[in-house]
Structure formats: C-alpha cells, structure tokens
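Presented as structure tokens, the chain that follows is alone, the form predicted alone.
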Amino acid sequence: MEFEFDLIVIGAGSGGLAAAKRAATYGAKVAIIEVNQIGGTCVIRGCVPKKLMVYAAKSKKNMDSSDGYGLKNEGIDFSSNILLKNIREEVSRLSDLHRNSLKKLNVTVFEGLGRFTTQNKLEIICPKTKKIKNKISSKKILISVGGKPKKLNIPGVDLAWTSDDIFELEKFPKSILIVGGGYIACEFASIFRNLGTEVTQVIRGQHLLNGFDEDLSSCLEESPTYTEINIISNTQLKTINKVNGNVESILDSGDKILTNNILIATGREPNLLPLNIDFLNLKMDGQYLDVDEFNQTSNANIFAVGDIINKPNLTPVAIEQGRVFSDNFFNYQKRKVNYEYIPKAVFTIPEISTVGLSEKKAKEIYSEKNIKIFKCKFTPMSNTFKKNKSKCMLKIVVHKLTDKVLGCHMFGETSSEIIQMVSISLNAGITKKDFDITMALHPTISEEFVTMYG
C-alpha cells in the first residue's frame, strides 16, 4: 500500500515539533497537523508566556523593596494590558519561527483538527465549519496533541477561567480566587499577588505542592509572597455564581467568597477525545495512551509522546521523546529516553527546584535508618537591605551506606538555574564526598551545596 507521507505528526507542540524536524533531517517526508498556533502548550499558553509574567512580577517586587539599596521610587504603576499585549506578540513571533523552520525542512503543515479514519489515514477538519479540509495517509503516525486543563464538575464552572484563558486577558483582575495547590496554581498565585492582585487560594489538602519535598512546600507557605495570599486549606469549591459583574464562590464549608474572577488550576489531562481513536482499541494506561520503551502504542504504526503518555509531563521530556522516536525509526538507532534525575522547577517568587528523590520518598524506598539529610536555610545576600527578606533553603538527600546523593532540593532565587547543573551531577552518580571536596565559589547561593557537613 502506498502512503503520501512517511510520518504524520498530530500536534505541533514541543514533542511533535521535535519529532517532525528530526525525522525531516533524515530525509523522511513529514506532515504535521495543528488546530491552534504552532508551538503547543509550552510556547502558546504555558512555560514561555508564564515565565514572561514571572519576570514582570519579580521586577516589580524588586522595585518595591529596594529602598535599602538607595533606589527611591514613588510607587510603581503597573499596566497589565501592556504586559499581556507584549506577551502575545512574543508568542506569535516564536510561533512564526517554528513555522518557518518547518518550511525550511519541507515539512507540510496542515491547519485543522486531525482525526483518525483508519490506522493509517486521517481527515483534517476545519474547527469552525466542521467540514473536511483534507484526507492524508502515512506509514507512521505520531500522536502529540498534549493536554488540556481539567474542569471541575460543579455548577457555574463555565464562569471561571482555566490557565489557557489567562494569556488572552486584556488586563489583570483586582481580585481572584485560585482553586488548586499544584505548581500551576502556585505560579499564578505568585504572579498575580506580586503584580498587585488580591489572591485567595483554595486547596483540597493541608499543604501546597503535594508530591514535592515537604520542606519546599513549607518554605513557600512561609515566604513573603504567601503571607499576602489567603490560603484556605482542606476545602473544595462547590458552586460558582455570577453576582453584580463579579463571581461568588461557595465552598463545601458553606463560606462564600466574592472576587472579580476565578482560576481553576486543578491539573491537566490528555486531550485525546477529538482524535476519534476509540475504534482503534489502543491499549490505555489509565487516562493515558499506553506505550512501550520506544513510544509505540499497541498499534504497530501509531506512536505517542508528551502529555498523553504516563511519563513526566514536562517540555524537555516531550522534546527528547520526539527526537528519540525519530532517531530510532528514521535513522535506525536504538535510543531510549533517560527518565532518571529529571530536574523540575516551580516558578513562584522565590522559585523552587528539585531533582531526584524527596526525603519522604527516599525513606519509603531505602528505610529511614539508611537516609541522611543535609539542610541549610538562610537569608541570601541579595536580600540584605530589602524589607521583605525571603529565605533560601538547600537540601541534600543521601544514602548512608553508599554515600550516593539521591536528591537535591532548593527554595530561593535562581534555584532553577542551579539545579540544572546539580542534575548533571546526579546523573553521573555523584556522592556526598564529591560535593564535599568540590571548592566553593564565594559569595554565592550555590556554594551552600558544597559546604554542608554533618
């Protein structure tokens, strides 16, 4: 049977773009289908625009608290409409860069919604008219459609925003209720509060950032930013009502909170429904597509990468999955993705970073008696003359019997930049002794990782 393409990629996000570009460099005839802007979650409505908001929030926070350095100001006037406009322009620029790079590699771009008709054939639907625009076929099909925000099944939920909506705003609200305690919720809570919005955060559990090392969660809750955020814990949102142009949130306790709007940030889920894959009977792993170590589904010619498979849902992971897929199936390599010691960050203010096992997880795996913790907490030099003196915390989790470092965790400025280098060390199998015999660079925050003894 003849096919029009060697590879069709459904979804032009991080993983799909990486796979399409890599396969094209090997001479494959590649098509990519995208219903939105080229770039996917990270570029269009995730990492990139959110990080630009973080820079704005950090800049304002520094300006507001720099009198001690002799930097006088009469109060900073923040115009959220300018920030949001500039972010959208930057997102469009990056999207165009990706589109141009695909063009240079002779990758055919189809705009619309890709939907399976057979295991090798797809039809492309116009999202507005619902009419079929094209029908195409391929030897291999890679699904990389990413995820979508979860919505609560409660009355009035359509009155609330999801994280996708934030980047389409014309201006920031004066007050907001954020539902959720994960990294997306905490990042937006930090952004909004530091840019002048009154923030209330409702979390289902007792603490923020469930699944992260507990010391990181504690540090965030104690930070100057979060002392200005009203956290309501052990609570769930039950109903949303419209009240005189604002929204009223009714909690399971019966309490009512009135804000300009609500952000539901309770996680994301695979965006598989539009693909029409039920008739393919692909094996599932819960809500995710089940794949083998080569990202192959139960159908031999269909593959999947990114947020639709049960692996860490992170941009660099999706990119590596896409590249490894193309290396293996279009350049005859035998590569596998290394999921060990993947660094993670939460871009709150201050930020959080982590790599390896948390203290709790390490003790569960190796038993408490075999784990030793090294930890320090201090005010960084950069905050010496600031009014709001946020702390830094660095932590090392070590296996006593082997001296191997199992995890490193950090709270504080530039922690994401520091943990990237630490993750290289952990991947190389570093021991605590290796940390100890490494010369410190003074005065820095990162030197604390090599000066903790005990």
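On a predicted model such as this, the values are computed, not experimentally measured, just so you know. One rule holds for the numbers: they count along the sequence shown, beginning at 1.
The discussion below concerns the form predicted in complex with a small molecule, not included here.
In the predicted complex, residue 50 approaches the small molecule with a heavy atom inside 4.5 Å.
Among residues of the shown chain, residue 182 is one whose heavy atoms approach the small molecule to within 4.5 Å in the predicted complex. The small molecule is not shown here, and in the predicted complex it never comes within 4.5 Å of any heavy atom of residue 355. A residue is said to contact a partner when one of its heavy atoms sits within 4.5 Å of a partner heavy atom; residue 204 meets this definition for the small molecule in the predicted complex.
Of the candidates 172, 347, 330, 110, 347 is the one whose heavy atoms come within 4.5 Å of the small molecule in the predicted complex; the others do not. Note on contacts: among 276, 162, 271, 313, the single residue with a heavy atom within 4.5 Å of the small molecule in the predicted complex is 313. Only one listed stretch (367 to 375, 289 to 297, 244 to 252, 204 to 212) carries heavy atoms within 4.5 Å of the small molecule in the predicted complex, and that stretch is 204 to 212.
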